[in-house]
Structures are given as structure tokens and as C-alpha cells.
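What follows is a single chain, given as C-alpha cells, in the form predicted on its own.
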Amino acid sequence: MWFFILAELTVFAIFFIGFAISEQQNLEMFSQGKAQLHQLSGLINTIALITSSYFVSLSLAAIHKQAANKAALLLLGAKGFALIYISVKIWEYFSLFEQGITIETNTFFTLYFLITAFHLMHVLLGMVILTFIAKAAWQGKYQGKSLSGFEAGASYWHMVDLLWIILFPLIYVI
């Protein structure tokens, strides 16, 4: 899992570097593009993902205390906040589409849609992973056994959250 996380971080680093270089070459376009984004939706998504990661951290503490059912329920809470993220992101996309803004509008929006959609796919995969480990926890599969699968899933989710914490200021704020 650590190799996979490192590979994903590398891909996102390339995206972030490409975004930063493109922004330096097109300051006015990127400034105008950022002005058209919904900063409040980006902030809501940041809060949703940080809260979701908090629930995953609580679930990890619970599974270490052999409270598997509590851990599973906390993971459901984490998924609930992830659903908020997904809902807000989809609303944001449709809001931009209604304004005639698409992936082909300009370089800023090409990178915006590529990077945020790639992140959204990681959120969806993370939700699948959280579902898998929550089900396994609920079924008692982690009691008295290695917790590495649970910890790996939690680490992946924290990576997804970390990426958004970098992505939000880079694309929406700075």
C-alpha cells in the first residue's frame, strides 16, 4: 500500500507542478479562472474531508482497542462526510457547465477539471476501501489479528485528504 500511495503522490505532484508552471505562464487567465470557482464549495469540501479523516482516525483508535463495531460505525460516518464532498463537487461541476465552462474552455479549466476529477476518483476508490474495511471490522475479521489491512485503508484515506489540503489552496485560493 505504501508503494501505491507513493506512486499516487508522485502523479499528483506532477499535476501540481504542471499547474503551477502553467499558472506562471498565464497569470491573468488563471486569476480569472479562480475568480469563477466557488471558493465556499472548496472550503466546504475541505471541512468535509478533514472531518472524514478525523472519523477514520477515531475508527483506527477504536479498532486498536478491539472495538470493531464502533470502528465500523465511525467509518460509515467518514463515508457520510465523503458523500458531502462528492455532492458538493458534482454540484460545482454542473454549476460551471451551466455557465458554459468545460474542460475545453482554457488551460486553467482543463487542469482544474483533470486534477479535481482525478482526485474525485480517488475519493470514490477510498470510499470503496472504507466500505471494505468497515464490513470486515463489523464481521470481526480484525479481532486478535493483524490490523495492517485496516491501517493501509486508513492511510490511503488520509492520503486522499492530504491531497485535497494541497489542492484546495493551489487551485482555489493562491
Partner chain sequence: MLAFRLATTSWLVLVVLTLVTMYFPIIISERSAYIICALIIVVIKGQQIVDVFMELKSAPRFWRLLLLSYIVMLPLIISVIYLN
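Numbering follows the first chain given and starts at 1. Since we're looking at a predicted model, the values are computed, not measured.
Only in words, not in the display: the form predicted together with its partner chain, which the text now covers.
- Check whether residue 127 has any heavy atom within 4.5 Å of a heavy atom of its partner chain in the predicted bound form, and answer yes or no. No, residue 127 is distant from the partner.
- Message: Contact with its partner chain in the predicted bound form for residue 65, defined as at least one heavy atom pair within 4.5 Å: yes or no?
- Response: Yes, residue 65 sits close enough to its partner chain in the predicted bound form that at least one of its heavy atoms falls within 4.5 Å.
Residue 116: heavy atom within 4.5 Å of its partner chain in the predicted bound form? Result no; residue 116 lies far from its partner chain in the predicted bound form.
Is residue 35 near its partner chain? Define near as a heavy atom within 4.5 Å, in the predicted bound form. Residue 35: no, not in contact with its partner chain in the predicted bound form.
_Quick one: 87, 90 and 110 and its partner chain in the predicted bound form, is every residue within 4.5 Å by at least one heavy atom?_
Answer is no for this spot.
TODO: Within 4.5 Å of its partner chain in the predicted bound form, which residues of 158-172 have a heavy atom? Give them in sequence order, or say none.
DONE: Counting only heavy atoms within 4.5 Å of its partner chain in the predicted bound form, the contacting residues of 158-172 are 158, 159, 161, 162, 163, 165, 166, 168, 169, 170.
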